[in-house]
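Next up: the same protein chain in two forms, each one alone, written as structure tokens (structure 1, then structure 2).
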Structure 1
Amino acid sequence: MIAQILFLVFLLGASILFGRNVAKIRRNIKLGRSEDRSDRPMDRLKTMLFVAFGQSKMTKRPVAAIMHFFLYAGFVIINIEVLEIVIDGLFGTHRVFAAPLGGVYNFLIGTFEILALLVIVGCVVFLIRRNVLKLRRFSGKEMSSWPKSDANYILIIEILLMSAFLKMNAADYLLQQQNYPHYIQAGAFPVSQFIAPLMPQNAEFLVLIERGAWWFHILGILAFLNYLPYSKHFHIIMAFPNTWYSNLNPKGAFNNMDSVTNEVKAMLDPTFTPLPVAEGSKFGAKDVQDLSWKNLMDAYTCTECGRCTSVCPANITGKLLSPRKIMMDTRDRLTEVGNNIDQHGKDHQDGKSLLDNYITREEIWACTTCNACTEACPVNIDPLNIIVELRRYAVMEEAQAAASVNSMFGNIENNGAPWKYAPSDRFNWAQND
């Protein structure tokens, strides 16, 4: 009973803490302005199943896709084994699913072991790619310190958890062979049976190993669960809602601002009824509260994989812009705003903003708006939309823009086109010499 009570305390504590952290993230996302993403539910379901569940956009990089599939399948399927561990921990049973599932149980345990081994292989490959091969897309000034360590921590944790699972099964396998009480004949052990000969044969010592690995595995999972909200690996959860709320419009189609639409349509049609505009709204975005809730959800979903930055033409040619950094900066600023609310109340102003304090003007004007970053993202994140909103604020609220943009604006005002030529000279190119 003592073990069951301890397990219940750990389970409830971890669940409550995780719920509180998720509630804070949900609160932070809701700080963004409203945006309707409830249309076309069947298209949204298809997108979520295809992109998040089916991992379709991962296939553009085959090696990473295969290794990631090992981790993804292991995470999803081994949760069935975690459910059994939770029931065993609460009721003091051992392999509670063995009797009702019969021969299927042996197949499941065997599958779990193979998946656990593949997860370990995938994690080792990813560690080598990051720390030995040092692939370029895992580098960058935004990938120093914590972001770099975070990825390694997760991979090491997953190796330890899967190793504990296999070690637990190896000890269980030996105890079953010895007909030790409580260890019923159940499960197939295609991987751990090869670990068993390396372990001591003393039954009491094997019980200590099996119980120790059991506790390490489940407590490690509970700790990992509460680590996720502080990590880029929160995309394990966020990828599904984020792809559901994907932008289904054609890439490159910008969102019109109601306040501007009202003015333009009123000029063209005096009978036009103005669209409702949110009170106190501004042009574009200076801080995270000015972005939409979907932009903020994108920030929490970012995997920091660097695919967006690796295909960004501005970054490739040495410009300061990194779409990954845009998402990471947005998330860091949003977290800071959320912490300020917790400590000082919702009306607290710290004198900082996303634009200038986190993202520089040089970064936003380096963007070519080519949409390569949004196309490359494996979970349909849209860094471009954030960049455009920051640009809108700079131009329409502050009247500040890059010199080349100001030149274009002047040409449009004077010549009716982005070019410096007078309207009367536009067809000169068609005249024969």
Structure 2
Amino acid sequence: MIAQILFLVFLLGASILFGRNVAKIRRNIKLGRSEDRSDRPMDRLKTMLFVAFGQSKMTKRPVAAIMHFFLYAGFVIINIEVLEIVIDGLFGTHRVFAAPLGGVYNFLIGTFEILALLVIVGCVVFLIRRNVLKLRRFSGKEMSSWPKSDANYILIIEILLMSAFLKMNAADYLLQQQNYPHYIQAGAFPVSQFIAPLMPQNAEFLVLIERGAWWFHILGILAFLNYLPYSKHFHIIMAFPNTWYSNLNPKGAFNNMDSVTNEVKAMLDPTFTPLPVAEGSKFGAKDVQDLSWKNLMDAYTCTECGRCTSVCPANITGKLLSPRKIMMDTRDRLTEVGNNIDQHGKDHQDGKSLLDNYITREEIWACTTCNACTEACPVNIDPLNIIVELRRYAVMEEAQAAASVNSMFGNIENNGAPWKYAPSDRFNWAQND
């Protein structure tokens, strides 16, 4: 009975804490400008099913795709087992699904065990790739000590959780063989039966191991749940809404700013009445609040895998720009702004901004807008849009661009071409041969 009450306390505590952190992230995302992404629900569903649920964009890198699929399938399917653990924990039952499911239950437990083993294999391979093989994709300026540790913590926690699950089953398997009371005959143990011989045979000791592993497993999961909002691992949740709200237009289509359309139309036609606009009071973005909520959702979805950076032509050729850093900076700055609101109220200004304090001009001007980063992202994050918004601020609010870029603007304005040629010579190509 005490165990049940304790379990309830832990479950409620963890859920409330997680709920509060998620609410905070939701509020932070809503600090962004409004942007309509409610159209074409069927296309959105399809994108989410293919990209997030079906992992379609992972296939470009087969080794990572297979290992990741083990972890993904393990996460999704083993959650059925967590449901049983929660019910058992609350009502003091043991393997409550065994009786109603019968033979199916044995199949399920057997599947979970194989998946748990595959998850461990995947995590070990990933740890080796990061720490022994030191793949280039996992390094870079933005991959400082915290992001590197974060990745390792996640993998180690997952190994520990799966080990506890298998250890629990191994002890249970032995107790079932000894017909120990309360341990009903249920489940198939294709993996843990091989761990069983390594266990002590004393029944009381086995119960201790089984209970210990059970508690470690579920408390570990609850703790891990609350680690998510602080970690890149939050992508396991965000991948779904983020792909739902994907940009469905061709990648080359940059949005036309309504606020600018109003000004340009008013300039061309004095009788024009401006349309209401969603954008803020300034052109482009200086800080996270000037970005759209989707840019900010992207930032919370990023799992820092570095596929974007590894295909970025600027980054490949040694420039400072790294699309992954753009996303990580946006998230770090947004977290900072959120903390400021919590501590000092809504209107607090800390004198810092995303542009300059986090992302430098050198980075945003190195982009070729080639869309390699958006193509590479397995969860449809768009770092390019953030870069363009920052450029818009630099150009339209501050008139800060390289002299050569300014002269290109001047040429277009005066000659209708980015180079300094006379418009009257525009048709000369027909004569030259």
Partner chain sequence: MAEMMAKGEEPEILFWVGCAGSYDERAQKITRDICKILQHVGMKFAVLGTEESCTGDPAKRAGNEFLFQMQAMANIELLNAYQVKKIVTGCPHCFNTLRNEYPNLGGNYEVIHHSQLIQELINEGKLRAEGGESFKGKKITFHDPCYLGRANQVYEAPRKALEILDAELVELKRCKSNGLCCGAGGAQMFKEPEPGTKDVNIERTEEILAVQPAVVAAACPFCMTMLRDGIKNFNKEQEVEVLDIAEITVKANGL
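Numbers follow structure 1, counted from its first residue as 1. In this text, the rigid core denotes the largest set of C-alpha atoms whose superposition between the two forms falls within 1.5 Å. Computed from a predicted structure; not experimentally measured.
For the form predicted together with the partner chain, the corresponding chain is the one labelled structure 2. Core-superposed comparison between structure 1 and structure 2: the C-alpha position of A422 differs by no less than 2 Å.
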